[in-house]
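Given next, in structure tokens, is a single chain: the form predicted on its own.
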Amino acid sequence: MHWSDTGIVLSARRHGETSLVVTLLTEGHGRHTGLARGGAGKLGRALYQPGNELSCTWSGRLAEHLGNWKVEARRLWTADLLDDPLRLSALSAACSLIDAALPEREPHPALFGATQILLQALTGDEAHWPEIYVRWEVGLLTELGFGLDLSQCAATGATTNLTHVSPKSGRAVSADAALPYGKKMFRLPAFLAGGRGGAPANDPQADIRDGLALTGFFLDSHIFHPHQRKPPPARQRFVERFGMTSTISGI
């Protein structure tokens, strides 16, 4: 059996002397793994970089087999980021999160589309790409069944001045309702509140760090910790690199 699709490279590991085991996020077939024969050569190594978009055909005798990939390049996004370590780190974090969190062979077309938007933002002139990345992580949580409810206050039902998120419920909380709890709640960045939040932070990077702290907590507590796993190191490296960067290109 075989099928053809569009895929985004998530990971590639060596198999024997000349081949790679490659995992793609495909538009219609979800996260899918196959063997790329000869992929360990110079051309294959450039092709199978995480984040690259490929036209792919998977073939195998039975559906449950590893199968084989035949691919052609559609858009080699990674090459555009080699001179921007922070954006490249964000790309690596996104690919590693999908690879670690998404069930295999389960279609998630909405996540595929959101990942394409993220790739376009990372490789283009989008000034607010860090916000798009945080929104992408919120979307990943939603795709996995752990969406955040940021539409109204969990305590009062208010739909304005939403400034915090409860770590217990994943729901927004208004400034007044959050006041007694001090630092026990996550701050809700204004860009995630959809016009229902407080004022943006004076430092745009503070909003991004708050967003990463928020999504990181729920990724860990709902997706990785229940299975005695940790979030992928690439995501932690991105957070650390972001924290050490005094300015972000475009902001």
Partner chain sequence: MAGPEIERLVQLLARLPGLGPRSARRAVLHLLRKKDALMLPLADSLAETAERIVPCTTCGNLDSQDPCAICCDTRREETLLCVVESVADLWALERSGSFRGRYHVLGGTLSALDGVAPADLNIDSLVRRVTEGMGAIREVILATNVTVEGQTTAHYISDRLSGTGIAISRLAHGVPVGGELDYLDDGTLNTALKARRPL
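Nothing here was measured: the structure is a model prediction, and the numbers come from that model. Numbering follows the first chain given and starts at 1.
Although not depicted, the form predicted together with the partner chain is the subject of the following passage.
- Not one of A158, N161 and A193 is positioned with any heavy atom within 4.5 Å of the partner chain in the predicted complex.
- D99 is the sole member of E143, D99, E126, E131 with a non-hydrogen atom lying within 4.5 angstroms of the partner chain in the predicted complex.
- Residue L76 is the only one of A175, A114, L76, V138 with a heavy atom lying within 4.5 Å of the partner chain in the predicted complex.
- Contact between L25 and the partner chain in the predicted complex is not found at the 4.5 Å heavy atom cutoff.
- Mapping the unseen interface onto this chain, L20 falls outside it, with no heavy atom inside 4.5 Å of the partner chain in the predicted complex.
- Shown alone here, Q49 lies within 4.5 Å of the partner chain in the predicted complex, counting heavy atoms only.
- The closest heavy atom approach of A154 to the partner chain in the predicted complex falls outside 4.5 Å.
- Comparing 144-152, 91-99, 104-112, 166-174 against the partner chain in the predicted complex, the single stretch with non-hydrogen atoms within 4.5 angstroms of it is 91-99.
- Residues are counted as partner-facing when one of their heavy atoms sits within 4.5 Å of the partner chain in the predicted complex; in 3-22 these are S11, A12, R13, E17, in sequence order.
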